[in-house]
Each structure stands twice: as structure tokens, then as C-alpha cells.
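As C-alpha cells, one chain now follows by itself in the form predicted on its own.
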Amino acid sequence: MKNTIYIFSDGELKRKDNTIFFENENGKKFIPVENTSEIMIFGEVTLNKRFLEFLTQSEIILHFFNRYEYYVGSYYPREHLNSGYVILKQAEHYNDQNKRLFLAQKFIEGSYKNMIVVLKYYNNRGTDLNKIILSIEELSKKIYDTKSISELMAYEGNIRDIYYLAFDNIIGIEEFNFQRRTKRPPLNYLNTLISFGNSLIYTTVLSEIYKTHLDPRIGYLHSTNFRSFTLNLDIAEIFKPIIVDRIIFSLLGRKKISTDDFENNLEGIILKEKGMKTFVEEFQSKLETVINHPHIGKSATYRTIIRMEAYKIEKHIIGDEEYNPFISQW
């Protein structure tokens, strides 16, 4: 399996012979091309066209984050698995409102069911979340009766608001109380962790879509407009509860991240480099965790399961098999 490279330092990335070379005042490092699938850049890094050409040839994606840890964009090399047939089918499912709504409802189904899986996990360990679980189950029945994407998005927002009510009970640390969802900029510690984790899962899903025939510019829950990519946002909804939220609960529960890992500035509250590295290490570990996949009856890593989700969508739009989202078993 190829690796994800994270760069937190400032420096220069360039091609040196047939490998990637990173250099700054602290030293030099070679990054083996054959073992790299994507590079996440958080530092101030310079690069040139020759380097981008090399990445295209090597099919490596670059994801850029600004100094406030916001995702700002990706260098998405020319699609090597382009399929005109699949793109036409994707567009057909977007332009047909019934077909689009079906897929959008499935993404929300995967999202809320995985929220409940997470909540039941903590409920079974003594945190009383029964009322929140029942409220989500009751509200979720209405998503299948929605007639438009905007109506569906409204229910999704209501479900997520209820879901966030459980965070304070699960975490139990006053300094990390949820209060309300804030982003760009996050205004408290917990919102900073949620935004950072969501950025990581959005880019990870985008990298996995790159390995399929799908075009990431055509999403169904999130409107295809002037944004570059939307399908990754759709698929990420399914995995945010079981990957990002679980990581947050685990890091705070084990006290691996504290208020000392954050700093305040005019852009809100951001993670210091040590906090980012701790989160990223846990994120990578989660992606490499092997679990049993109920759909195929075999073991697979979370990263592979994300890619399989893209394959399932591809099968759906070409008429091979109706799409059903991945639901975690624990």
C-alpha cells in the first residue's frame, strides 16, 4: 500500500532524478515515488512546473492547507482512469432529480446510521444517550419522504444538530464543550478538531476517488457548481462519524490532546504543530485499521473501504448494482 506524506515544515519540494526531494534549513529528505500516493502540505512550500509534471507522471496528488489549517485546494493530476461512459452516467444521475435524490438520501442514510453506531457504542459503556439516539432515529424517518435536495439538507442539518448534543456527554471535559458549530474560523477547541478532521477526510476521499473512473466534480448531495470537487464531500459524510468523530473522542479521552495544543489568533483557534501531528498520526492509524467489511465478508482497511464506496457508486450509476452505503458494525 502506498503512503500519505505530511509536510508541516517550510521548504522546497522538487524533482531530483526520479524521486521527490524536500529541502529546508533543517536538512534534506528523499521521498520515494513508488511508495507515495498523496502529499498533504501544511507548511509554506515552493515547487515548480517540472515537479508538477513529475507528479502527474507518477500519479501523486497534492493537497494544500493554509497556515490556519484550512483546506485550500489540490493538485489533481490528469485523470489516468478517465471514462467518458462513466462521466455521462454521472451527469445523467445528476440531471435526473429522482436519481440524484436517491443517491443523496443514501449518503444521509449512511451518515445518520453511522452516527447512531457511534452513539450506541458510548451508550453501552455508561453514557446515557438514549434520548438523542431516539430523536435521531425518529427524525431520520423523514429523509426518505423528502422531495428535494434542499429539504433533505435541512433534515440532515437537524440530525447533525441533535448528534452534536451528545459530544459534551461523551467527552466530559468542560474546556472542550461543543457550544455550537463554528467554522472558518472555528471559535472553540472542539470545533477546531472537527474542522481539521473533516478537512483530512475530504482530501482522503478525493485521493481514493482518483483511483476509480468517477469524476469528483459531480456530486449529488452537494450541488455541482463552481466548486472544484463535490463527490468527495458526499462520500465523506458517511465516514465522518466513524473516523473523524471517533478519533476526537479517543484523543481527548486518552488526554493525548489538551488545550495546550491550541493557539488563538485573529483567524480563530488553530492547532499548534504538535497537536496537528498527534491528530494526523491517529488519523493515519485509523485509515490503516483492518475491520471486517459486511458487504464482501472480508477484512479491509478503512482506506480500502472508502475506495470501495466509490466503486459501489460507480456500479450504481452504470446500472450494475443498487447503491447502499457502508454502515459500521460497531
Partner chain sequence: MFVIFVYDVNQKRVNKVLKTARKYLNWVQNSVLEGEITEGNFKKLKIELKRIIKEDEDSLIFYTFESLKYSSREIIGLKKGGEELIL
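Worth saying up front: this structure is predicted, and the values here are computed from it rather than measured. Numbering follows the first chain given and starts at 1.
Keep in mind that the form predicted together with the partner chain is missing from the display, and what follows is about it.
Taking the partner from the other structure, the partner chain in the predicted complex has no heavy atom within 4.5 Å of any heavy atom of residue 267.
Using a 4.5 angstroms limit between non-hydrogen atoms, residue 328 is distant from the partner chain in the predicted complex. The closest non-hydrogen atom of residue 281 lies within 4.5 Å of the partner chain in the predicted complex. By the criterion of a heavy atom within 4.5 Å, residue 34 is counted among the residues contacting the partner chain in the predicted complex. In summary, the region of this chain contacting the partner chain in the predicted complex, judged by heavy atoms within 4.5 Å and restricted to 26 to 34, 292 to 300, 62 to 70, 258 to 266, corresponds to 26 to 34.
In the predicted complex, the partner chain lies beyond 4.5 angstroms of every heavy atom of every residue of 296 to 317.
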